[in-house]
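Only one chain is given next, in structure tokens, and it is the form predicted on its own.
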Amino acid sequence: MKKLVAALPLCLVMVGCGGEAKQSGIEPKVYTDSLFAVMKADRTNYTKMIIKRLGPAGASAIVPDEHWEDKPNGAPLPAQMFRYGAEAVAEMTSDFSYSLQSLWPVNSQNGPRTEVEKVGLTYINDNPGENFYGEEELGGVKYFTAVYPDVAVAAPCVDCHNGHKDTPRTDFKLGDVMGGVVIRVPM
């Protein structure tokens, strides 16, 4: 009897009331929210624990810089580390993709490319603390697309964006939404 009771929850998950098999899995919103939590934690920790501690150029042996590869002791910026992670994930799986985008990108390749991205970035900017969820079809494939606010978590974020030679916006403050993390999952 003990084995039967232990197996009962598994049977209920796998077979519905009419005996039909139920599809199991994780909802796209839960999936993208979970992925974003990991990405946000990694990026925030890198910014606060590494970049912030290194200080301005010349203050330490390692210098965070947009052109870090050209410097003997250069280190990539948080946005660059994020992009490198996204590129590495794209080489490993097609189960999801992600990118860092902005309505005011310092690098033009980080601007929105689809209507859902534009709507999502506008939404998170106009509704602080909220996420955006939508669906879109690209190349004949339907996607669940989530956009999460990318908030300035440390002074180096604000200083870099406000002072960058290619910035379209120079008034960011700590806590401002500077852009968004776009996560796309095929449906």
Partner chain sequence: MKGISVITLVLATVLSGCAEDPRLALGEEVYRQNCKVCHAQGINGAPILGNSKMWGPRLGQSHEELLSHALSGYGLMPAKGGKTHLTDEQVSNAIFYMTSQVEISN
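Numbering follows the first chain given and starts at 1. None of these values were measured; they are calculated from a predicted model.
Here the subject shifts to the form predicted in complex with its partner chain, a form of this protein not shown in this document.
A.B. asks: Are all three of 25, 142 and 185 close to its partner chain in the predicted complex, meaning a heavy atom of each within 4.5 Å?
C.D. replies: Not a single listed residue reaches its partner chain in the predicted complex, so no.
A.B. asks: Considering only heavy atoms, tell me if residue 135 and its partner chain come within 4.5 Å of each other in the predicted complex.
C.D. replies: Because no heavy atom of residue 135 falls inside 4.5 Å of its partner chain in the predicted complex, the answer is no.
A.B. asks: Find out whether any non-hydrogen atom of residue 153 is located within 4.5 angstroms of its partner chain in the predicted complex, and reply yes or no.
C.D. replies: Close contact exists here: in the predicted complex, residue 153 approaches its partner chain to within 4.5 Å, heavy atoms only.
A.B. asks: Answer with yes or no whether residue 118 is in contact with its partner chain in the predicted complex, where contact means some heavy atom within 4.5 Å.
C.D. replies: Residue 118 lies outside the contact set for its partner chain.
A.B. asks: Taking heavy atoms and a 4.5 Å cut-off, does residue 130 contact its partner chain in the predicted complex?
C.D. replies: It does: once its partner chain is placed as it appears in the predicted complex, residue 130 has a heavy atom within 4.5 Å of it.
A.B. asks: Is any part of 150 to 179 within 4.5 angstroms of its partner chain in the predicted complex by a non-hydrogen atom, and which residues would that be?
C.D. replies: If the 4.5 Å heavy-atom criterion is applied to its partner chain in the predicted complex, 150 to 179 yields 151, 153, 174, 175, 177.
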